[in-house]
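Below you'll find only one chain, the form predicted alone, shown as structure tokens.
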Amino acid sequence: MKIAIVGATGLVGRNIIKQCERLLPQDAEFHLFASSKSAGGKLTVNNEDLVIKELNSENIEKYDIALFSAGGERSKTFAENFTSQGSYVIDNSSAFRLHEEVPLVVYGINQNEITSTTKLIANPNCTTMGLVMALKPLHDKFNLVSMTPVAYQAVSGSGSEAVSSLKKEESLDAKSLAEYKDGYYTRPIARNVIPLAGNLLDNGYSDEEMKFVHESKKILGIPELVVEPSNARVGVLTGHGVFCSAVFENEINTDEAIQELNNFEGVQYWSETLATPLDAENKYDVLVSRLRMGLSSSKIINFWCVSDNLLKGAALNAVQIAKHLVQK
């Protein structure tokens, strides 16, 4: 079995390598791709040093699976080079997520949408992914109608430059930080909350917020779902958190809701401890806590969920999909 990892040197790419080592057959043959800047360097996979190839059409061969985490433009440019030779492409970018013919897959929810002819598979947005893992068992039990998610996104979701910026800002004193203008974001992110994650669109919402709207409908199979999203960026390294107020068609029993969450693979409900980004870091499960009945209706529940955006939010889900393909 031949597996290509495209964008192998990035934050998500390096996590993909770790998950491949953990979940995929040890005898798989790996091929690593990155930009021309990284070409010729080496990364270790399963104790073997592999030379990184430049991503260009001349270097692409026939692979069984290609895991993409190199940005939307590279996905649009090169995904077809892989699929045309019979490779499954699991793409981490937003390039194909809303294409009707491309399944948007969260392993544990809708991996069975992948068929033998489905060569291009989209990995959802990292914030949406954690939330829908918590919502799926609740929807199956109570029938989700609408939701108001408020997300607190960690800087690693923006990539390595944002991580470096946070670390530099954390070393500044209060006066220097307040005056700092050279960070990754428009305002300092260390010890701060910026009430915007992503890029503003013409409707006043950010592209990150609209991913909540469109992707959750597609993943959960609820085209009529009403979503009223808000997203902020917080001075946290890893771990996207979401407060969600969810409205259901049926009346809620909170004990039943917690039981459904605990019975759903990939989700943990924490009743004694409040789950935080620090707790979620390096964990494969989505952590849920503070589930409570709505104040105005017995059809509303409010809860908090948090997950490692580099794992279930990206690399882990992609490799879980790859493992599913291997076992098909």
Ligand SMILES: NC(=O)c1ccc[n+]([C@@H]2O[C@H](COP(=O)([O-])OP(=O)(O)OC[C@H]3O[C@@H](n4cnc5c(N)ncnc54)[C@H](OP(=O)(O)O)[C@@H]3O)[C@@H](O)[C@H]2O)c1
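So that there is no doubt, residue numbering starts at 1 and follows the sequence shown. Fair warning: this is a prediction, and the values are worked out from it, not measured in the lab.
Keep in mind the form predicted in complex with the named molecule is missing from the figure; the text below concerns it.
- Contact with the named molecule in the predicted complex, defined as a heavy atom within 4.5 Å, holds for exactly one of 119, 139, 218, 74, namely 74.
- Picking from 66-74, 297-305, 275-283, 260-268 the stretch near the named molecule in the predicted complex, with a 4.5 Å limit on heavy atoms, gives 66-74.
- Within 4.5 Å of any heavy atom of the named molecule in the predicted complex lies no heavy atom of residue 197.
- The named molecule is not shown here, and in the predicted complex it never comes within 4.5 Å of any heavy atom of residue 3.
- In the predicted complex, residue 157 approaches the named molecule with a heavy atom inside 4.5 Å.
- Interface membership of residue 8, defined by any non-hydrogen atom within 4.5 Å of the named molecule in the predicted complex, is confirmed.
- Three-residue candidate spot 85, 111 and 321; no residue lies within 4.5 angstroms of the named molecule in the predicted complex by any non-hydrogen atom.
- Contacts between stretch 37-59 and the named molecule, counted in the predicted complex as any heavy atom lying within 4.5 Å, involve 37, 38, 55, listed in sequence order.
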